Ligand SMILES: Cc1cc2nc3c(=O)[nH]c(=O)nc-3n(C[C@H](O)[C@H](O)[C@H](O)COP(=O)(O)O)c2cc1C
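Starting off, we have a lone chain in the form predicted on its own, written out as structure tokens.
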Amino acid sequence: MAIAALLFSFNLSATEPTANTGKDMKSIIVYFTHTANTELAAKKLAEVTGSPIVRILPAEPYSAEDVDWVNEQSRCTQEHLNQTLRPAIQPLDVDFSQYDTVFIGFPIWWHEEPAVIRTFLDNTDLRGKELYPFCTSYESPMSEADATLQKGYPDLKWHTGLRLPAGADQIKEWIEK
């Protein structure tokens, strides 16, 4: 995982910010990051959309040992094996009723969204919102996380996710689809 974190980067100054690309949507970006890769991706997305950014913080931060996926007793592995686990998150000071579009970002852990994202989804009323997941991963595709999100939260309006880094044009195309 450390090598993946070092290899993952992109130029944040590649594009000029534009205000809420798409159908005049009022959007917000929420994300969880462990190694700062997803934070970089969220900032890139904010450059393209003009959306505010909010970070999801676990009540108990993840240590390097917690995300050691080869250790069967690690926190991320246990959260993957027991899909009912929901780590507590710090409260978000956001009125989601003010937004019609929510971009949800996370690193891929075990080919899916981390349990912290499921905690956020369980505790946030996102019915009627346009949801755009995005992920960061050295090699895992977004498609498996798309499937687990749609299966776990079938009443929400999911759009196909995007793995970042991506260029501004690719991000705009994704949103406009």
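Given the structure is predicted, the values throughout are model-derived calculations rather than measurements. When you see a residue number, it is the position in the sequence shown, counting from 1.
Note that the form predicted in complex with this ligand isn't included here; everything after this is about it.
Q: Exactly one residue in Ile53, Leu121, Leu57, Val67 has a non-hydrogen atom within 4.5 Å of this ligand in the predicted bound form; which is it?
A: Answer to the contact question: Val67.
Q: Going by a heavy atom distance of 4.5 Å, is Ala145 a contact of this ligand in the predicted bound form?
A: Ala145: no contact with this ligand in the predicted bound form.
Q: Is Thr49 close enough to this ligand in the predicted bound form to count, meaning some heavy atom within 4.5 Å?
A: No, no contact at 4.5 Å.
Q: Does His111 reach this ligand in the predicted bound form if we count a contact as any heavy atom within 4.5 Å?
A: Contact check for His111: yes, within 4.5 Å of this ligand in the predicted bound form.
Q: Does His34 reach this ligand in the predicted bound form if we count a contact as any heavy atom within 4.5 Å?
A: Judged by the heavy-atom cut-off of 4.5 Å, His34 is in contact with this ligand in the predicted bound form.
Q: Using a 4.5 Å cut-off on heavy atoms, which residues of 125-140 contact this ligand in the predicted bound form?
A: The stretch touches the partner through Thr136, Ser137, Tyr138, Glu139, Ser140.
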